[in-house]
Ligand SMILES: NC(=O)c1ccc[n+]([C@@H]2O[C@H](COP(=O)([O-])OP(=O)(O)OC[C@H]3O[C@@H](n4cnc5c(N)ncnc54)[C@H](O)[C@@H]3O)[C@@H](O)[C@H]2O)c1
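Just the one chain here, the form predicted on its own, laid out as structure tokens.
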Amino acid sequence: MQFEYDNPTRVIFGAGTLARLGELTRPHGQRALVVTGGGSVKRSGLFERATKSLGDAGITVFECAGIEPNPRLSSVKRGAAIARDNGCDVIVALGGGSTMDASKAIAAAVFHDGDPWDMIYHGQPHPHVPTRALPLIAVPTLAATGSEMNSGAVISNEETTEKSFMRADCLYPRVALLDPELTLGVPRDQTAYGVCDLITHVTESYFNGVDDTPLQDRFAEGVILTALEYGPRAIANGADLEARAQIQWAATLALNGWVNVGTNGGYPVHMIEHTVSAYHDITHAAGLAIINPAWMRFAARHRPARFVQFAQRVFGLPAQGPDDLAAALAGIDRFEAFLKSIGCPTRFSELGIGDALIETYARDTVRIINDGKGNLPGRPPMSEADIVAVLTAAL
């Protein structure tokens, strides 16, 4: 292993901590752009509580509402214009992962003279990596993406039918205010998708990372086991604050860099899903729930030992040895059964998606990110034909 780890985000965790929003924001700016999604934060009264806390701290509030579930480039441009026109010096992201991702892109776009799409990796030879962004305060209302404590964001370009990521050190939120009470009203399906999302963040590095990372393996397995234990509780009883709190912390840890530090794994499942949802605008984690088990069955045949370990440690299944493919596949079956049990789709047909564009998805995915040899990075690297095979198996 060789790595350097630094995460500058300050985390404030616990029920009732929303009351501290103004106090925590004030050191970073006095004119806040509050970025929100489809309106649930207003219907629940959360927006009023948040803006009151900001106002009580002497902070002037401006709003960018209506961020889409797969945040669009046009919304990033709109938000950046609002921030510039009103002299905003801090951004407060109040919502789920899409709201936080859009807020990061907005924070950087304020200082970028060109098209914000330049900052998104989409196959161009020299993406613009921002070095400056407005300070961001992240207040997640959904436990899922972990965007509140990392430096990445995913944006969709509705004009080109592309969806991909940006990453830069300046995009780390200055503060992540994690109040599990804010997640109590999340519907069952969105809660289930959040559980799937956080698990997939962990399995990407777990299955695609380098060998001989035993401590990281156990970190990853601990996060997955926590999700398996508390996820169904949060779904069954949305008012179970303990379950909500455990899932929220698991989601944050799943993608803040700590679990996968030094593993240097790719994210093939995410990259394939980004392409599919660019065309169909499906919920991100719904796509992950479909693609991940199909990808796992493909990858297990190339590297069974890691999947045997997953079957044994996560699901307690027996195995004849480290190369017991039957045991590996049994573990994947158990994982897929769990996704079904919490209400996630596991086949594209459940979302009304057929095979008409499968080759297009594969071609676009490899065009957006590849290893220089025409393959999608991962273990194993995937050719276009491999991607087609995985997607076909998921129909």
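Just so you know, these numbers come straight off a predicted model, no measurement behind them. Counting begins at 1, following the sequence as shown.
The same protein also exists as the form predicted together with the named molecule; that form is not shown, yet it is the one meant from here on.
Quiz item: Heavy atoms within 4.5 Å of the named molecule in the model of the complex: which stretch among 202-210, 119-127, 291-299, 183-191?
Solution: Contact-bearing stretch, as computed: 183-191.
Quiz item: At the 4.5 Å heavy atom threshold, is G152 in contact with the named molecule in the model of the complex?
Solution: Yes, contact at 4.5 Å.
Quiz item: Just to confirm, G97 within 4.5 Å of the named molecule in the model of the complex by heavy atoms?
Solution: Although the named molecule is absent here, G97 would touch it in the model of the complex, with heavy atoms inside 4.5 Å.
Quiz item: For T145, is any heavy atom within 4.5 Å of the named molecule in the model of the complex, or not?
Solution: Flag for T145 set to yes.
Quiz item: For V259, is any heavy atom within 4.5 Å of the named molecule in the model of the complex, or not?
Solution: Because no heavy atom of V259 falls inside 4.5 Å of the named molecule in the model of the complex, the answer is no.
Quiz item: Tell me, which of L255, A108, L178, A311 has a heavy atom within 4.5 angstroms of the named molecule in the model of the complex?
Solution: Contact residue from the list: L255.
Quiz item: Of these, N370, N70, T346, T51, which has a heavy atom no more than 4.5 Å from the named molecule in the model of the complex?
Solution: It is N70 that has a heavy atom within 4.5 Å of the partner.
Quiz prompt | in the model of the complex: members of 356-395 within 4.5 Å of the named molecule, any heavy atom | solution = If the 4.5 Å heavy-atom criterion is applied to the named molecule in the model of the complex, 356-395 yields nothing.
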